[in-house]
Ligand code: URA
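The chain below stands alone, shown as C-alpha cells; this is the form predicted alone.
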C-alpha cells in the first residue's frame, strides 16, 4: 500500500490520500523550517478542490527541529479524521511546538483541545471497527462490510492481519477495500453493502451462542447504544436478537421482582413492592451481580498474596457513581478493616476530595490489587509494591468491576493503577491531569496516589504537590459533571 509523496506547488500541498500522514509530515516539516505561517498554506487531497492558493515557493531555511513523541502519535490519529481542516490545524500546532516544545501540554489551548478531540474520535472509530466487523464466508474467502466515520481503514488493517493471519479475507468500505491473502495486504476501490454477502451457514450457530451468553444482569440499554449505535447493526448478525433479548431480559427481571415481592408481602406486608420495582430501569439487578462478584473475590486465590493477607479488600461505593477511583493496593489498616482507603493515605484522600467538592459517598473507590502485599519487620508489616504478575492476576477483578459499573470517568491513582487499567506502563508525569482513553474506549485520568504525598519529606514541596493533586481532582470533578450534564 505505497503512496507517492506530497506535491508542493507554492504553498499549496496536495496529499496522495485522505490519511497520508507521511506526506503531511514531510510537507509540514519543510514548510515549518521555511517559516511559512499556517494561514499561507493550503492543504488538499489528490483529486480534491482547494479554495485558497499560496504564492511563494518553499525554501527550507533551518535544520529539522524535534517534536514530542506525543505530537507524532496525535498527528497519526488526527490525519485519519474526516474534518477537512485537520491538516491545517496540525500544521498550526507544529509551528507552536517549534516556538515552544511544551505547547502540547497546555490543555486549555483551544487548538490543543480540538486536536485531542479529533484524535479521540478516530481512536474510537478504530475501536468500533475492531469490534463490529463481521466476516461472512464465500467460497473459502471471508468478506465483511463496514462503514467507518473517518479514514481509518489502513490504520485499523494491522489488527485484522494479526488476528486473522491464516484466513483469506476482505473488508469492504465505501472509501476503499483491503484484502489479505495470507501473505500480503493489498488495496482495492470502495464498495457498497450490495457487494458483500448477506449471510452464511455459521451465522445461525453464532446467534445461538450469542443468545446463550447474553446476561441481563449487566444490561444497560443506554450504555449499549452509546457503545454500539444502531448504524452498525446492519452488518452484525447477532443484532437481530438484541431487541427481543432486551424485552425478554426485562420480562425475566420483572418475574424475579414479582417472586421477591411476593415473599416480602407475606413476610412484611409491603404490598407496594412490585409497583415500586416496576419503575426501575432495565438492569436493576446490578446490585445482585456486584454482590456475587464480591462474594467470589472473597475467595480469590489468583496469586499468592491471599496466603498472607488478612482478607480481600474489594471496592465500595454507589454502583451508579460517575467517578471510579482506582488505587494501588490495600495498606495495613485497610487489610484489617476490609475497606479501601481508610488508613493515613485514605484520610488524606478524603480531605482532598472534600476540598475539591467531591462527596466520597458519591464515588466508587477500589484498588488494582485486592490483597495487602507486605514485608514483615518485627511486629510491623511494611508495604511492598505489587509485581507485574500480581497486577495482571488481579486485573480480572478490576475489569469486572468496571464492566458492571461502567463509570463515565475512571481515575488511576498512581502508576500501579494506571498499569492495571491500560495494560502497560504509563508515565505519571507525561499523562497526569489530561483526558485519556482506555482500551475499551472509556475515559480515564491519571494522577498521583495519596500515599506519594505522605512520603514527601520537604514541607514546601509537599504543599505544592498537594495543590497539584487538588487541581487534578477539581478537573476530574468538572469533567464528570460535564459528562453527566
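Residue numbers count along the first chain shown, from 1. Small disclaimer: the values here were computed from a predicted structure and weren't measured.
Just so it is clear, the following notes concern the form predicted in complex with the ligand, a form of the same protein that is not shown.
Non-hydrogen atom contact residue 386 with the ligand in the predicted complex at 4.5 angstroms: Residue 386: no contact with the ligand in the predicted complex.
Proximity of residue 345 to the ligand in the predicted complex, heavy atoms at 4.5 Å: Residue-level check for residue 345: yes, a contact with the ligand.
Contact test in the predicted complex: residue 77 vs the ligand, heavy atoms, 4.5 Å: It does not: once the ligand is placed as it appears in the predicted complex, residue 77 has no heavy atom within 4.5 Å of it.
Proximity of residue 341 to the ligand in the predicted complex, heavy atoms at 4.5 Å: Result yes; residue 341 sits at the interface with the ligand in the predicted complex.
Of 401, 334, 96, 175, the one that lies within 4.5 Å of the ligand in the predicted complex (heavy atoms): So the residue touching the ligand in the predicted complex, by this definition, is 334.
Partner-proximal stretch of 108-116, 392-400, 151-159, 320-328 relative to the ligand in the predicted complex, 4.5 angstroms, heavy atom: Result for this chain: 320-328.
Members of 366-393 lying within 4.5 angstroms of the ligand, judged by heavy atom, in the predicted complex: Contacts from 366-393: just 367.
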